[in-house]
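Single chain ahead, written as structure tokens, the form predicted on its own.
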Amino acid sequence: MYTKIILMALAVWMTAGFHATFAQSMSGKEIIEEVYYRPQGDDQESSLTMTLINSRGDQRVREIRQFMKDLGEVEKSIMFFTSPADVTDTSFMNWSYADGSDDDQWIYLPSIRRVRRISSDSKTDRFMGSDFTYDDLGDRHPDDDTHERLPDETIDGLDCYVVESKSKDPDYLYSRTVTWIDRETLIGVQKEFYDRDGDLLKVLTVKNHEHISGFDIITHSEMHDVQRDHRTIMELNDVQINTGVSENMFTERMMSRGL
């Protein structure tokens, strides 16, 4: 029995050592791929509260119901604004492709009663007055950027990988981003965005995540535009995973019809 315990302990030690060595040798791209392919369920639905805060501290709160479905070759998501009145019935849909093709995006504006496709030139625009661009809302593929691993750091007690990413597109809206990734959960807990002049533009911080139905889900995050001192807080609640969201949810007809 004593020999078995020693062998088991040795096996655990060797396995832990292997994972530590592997983690230490991972490249920046390999780390980003681990983050990109982190499982979040086949489908998901939730309620989202978006709070916009300007430099004077004034707040605007928007309530959203959103749905997501992973179909393998494409991941589809859609959100419906339910309040306040000036944005009610607005909807937004995003399709991200596994092969790295550019995301397809659409927005429905009830004031003109039509669905408008978001052009590539418009993806740098701010989404509904928030600090997120349309591009930020997409699912950026690891092959879109080059990735350099920087020295690991600790943030708020979390041991993190640090990766600097630069777009292969010279006209991309960010000159680079730097991401801090929790080594245990593979969640990007902080991300800095630098403008085309190389100056810090905004910082995305994950304030909280929860383990729901076997998956680590980000439930509270904040985007801070440091240049104009404006913040957008995203709070997720009523998260339901693998409930069988219908593929019919993700259509232009559903966008204009609403919930």
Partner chain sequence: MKRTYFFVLILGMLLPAASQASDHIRWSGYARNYTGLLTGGDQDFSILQNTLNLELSGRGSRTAFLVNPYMYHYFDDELELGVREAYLSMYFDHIDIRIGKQQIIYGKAEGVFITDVVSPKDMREFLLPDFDEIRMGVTAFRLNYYTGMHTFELSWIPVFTPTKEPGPESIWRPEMPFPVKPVLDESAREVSARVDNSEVFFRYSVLGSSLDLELVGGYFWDDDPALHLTPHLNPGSGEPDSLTVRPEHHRLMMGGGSFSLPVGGLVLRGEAAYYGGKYFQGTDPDISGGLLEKNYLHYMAGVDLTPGDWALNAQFIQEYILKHEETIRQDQLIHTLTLMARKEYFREKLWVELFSYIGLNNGDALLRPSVSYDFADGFEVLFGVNLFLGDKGRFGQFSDNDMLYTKIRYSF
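Numbering follows the first chain given and starts at 1. Each form is matched to the other, and the largest set of C-alpha atoms that superpose within 1.5 Å is called the rigid core. For clarity, every value in this text was computed on a predicted model and none was experimentally measured.
Unshown form predicted together with its partner chain; subsequent notes refer to it.
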> In terms of non-hydrogen atoms within 4.5 angstroms, which of the given stretches 208 to 216, 30 to 38, 190 to 198, 226 to 234 touches its partner chain in the predicted complex?
Replying inline: 226 to 234
>> Can you pick out, from W180, F92, Y174, W95, the residue that has a heavy atom within 4.5 Å of its partner chain in the predicted complex?
In response: W95
> Though its partner chain is not shown, can you say which of E148, D104, E153, D143 has a heavy atom within 4.5 Å of it in the predicted complex?
Replying inline: D104
> Does I118 reach its partner chain in the predicted complex, with heavy atoms at most 4.5 Å apart?
Replying inline: yes
> Is R62 close to its partner chain in the predicted complex, meaning a heavy atom pair under 4.5 Å apart or at it?
Replying inline: yes
> Going by a heavy atom distance of 4.5 Å, is T251 a contact of its partner chain in the predicted complex?
Replying inline: yes
>> Taking any heavy atom pair closer than or equal to 4.5 Å as contact, tell me whether D99 reaches its partner chain in the predicted complex.
In response: no
> Relative to its partner chain in the predicted complex, which residues of 65 to 93 have a heavy atom no more than 4.5 Å away?
Replying inline: P84, A85, D86, T88, D89, M93
>> Would S101 count as moving between this form and the one not shown, using a Cα shift of 2 angstroms or more after superposing the core as the test?
In response: yes
> After the core is overlaid between this form and the one not shown, has the C-alpha of S130 moved by 2 angstroms or more?
Replying inline: no
> Any CA movement of 2 Å or more for T251 between this form and the one not shown, core superposed?
Replying inline: yes
